[in-house]
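The chain below stands alone and is given as structure tokens, in the form predicted alone.
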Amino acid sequence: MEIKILNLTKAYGDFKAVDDMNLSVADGELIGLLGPSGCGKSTTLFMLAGLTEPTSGQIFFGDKDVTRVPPEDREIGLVFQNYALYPHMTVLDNITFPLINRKVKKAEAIERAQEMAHLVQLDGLLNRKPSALSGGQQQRVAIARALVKKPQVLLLDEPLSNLDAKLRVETREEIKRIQQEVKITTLFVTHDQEEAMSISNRIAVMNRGVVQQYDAPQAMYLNPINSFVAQFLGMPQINMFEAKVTGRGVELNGVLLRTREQLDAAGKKVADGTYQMGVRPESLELCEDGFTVKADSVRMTGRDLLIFFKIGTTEFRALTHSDLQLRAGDDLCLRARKNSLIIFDADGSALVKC
């Protein structure tokens, strides 16, 4: 099922929770709606589900305009943040409930529920109550219940927010596996960028009701369209700073980050002046011919070392492998990898990458 969102807006008085959204989702894609709290991602999901009525715009499932179609007639499966399982029912009863509600014969309903339970790897747990399940198992019951109706579209609202860190990782992989097996068009809402980037085919990053960028995770991470996307994606966060473009190149507190020749080779002429710029911590590499700084502090995060330092008074973070023997107070020589320095225009849009 292909989904098309055309000029979709939801306004509450003068406040626009979703502002003129246009988005297309290909059949079988898994799309992440990502953004900070209050950006409009859940409102978008609820409009797709039919639980919230748009102020204007259209929603198409395939060739069918479903903008004003009731939720029960949209052929969707919806999984809420709190799972919304019936505590007095067994796993089997929870999964079969939508089918019994649709007057499907009990024998067929049980057969289909068992198929879904096998898909989400809940065999052997069908007679348990939700209280006897882990959070991840409860989540899979909710997914099985959503899928047992054989919907055309699966909608997930913050599906992993109630799980601990280890379980989040395991369950998101389960969601990806299930989605690929069923080949169902899926949209899920999250504020967790790692979650969205790890399992999505494409991500729509939203801010203040507006889609900032819609692209494949790696493409978006490497080529953010503006400073908001650059800062929202990435952990640790991108280094953002103000630096000058001069006849010499890109200068920060006396340190030359790029020569003018290197900057011009990026393919877009950048006028002299002060600009906001960004470079990701992992793009600052150790070398023998860069600029020398002193490590203010060093944190080991397992696989990586996070190094804090300053260029003049501007604070930076660099990320390198944890096998490096480095302590606070040590000198190190760094440079920004080729094609890793992003220069932003006055309106925050990405101007050039060099």
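Keep in mind the model is a prediction, meaning the values are calculated, not measured. Residues carry their position along the shown sequence, with the first being 1.
In what follows, reference is made to the form predicted together with a small molecule, a form of this protein that is not presented.
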| Looking at 301-309, 322-330, 42-50, 66-74, which lies within 4.5 angstroms of the small molecule in the predicted bound form, counting heavy atoms? | 42-50
| note | Only hit among A17, L23, I343, A336 for heavy atom within 4.5 Å of the small molecule in the predicted bound form is A17
| message | I'd like to know if S37 sits close to the small molecule in the predicted bound form, meaning any non-hydrogen atom pair within 4.5 angstroms. | response | yes
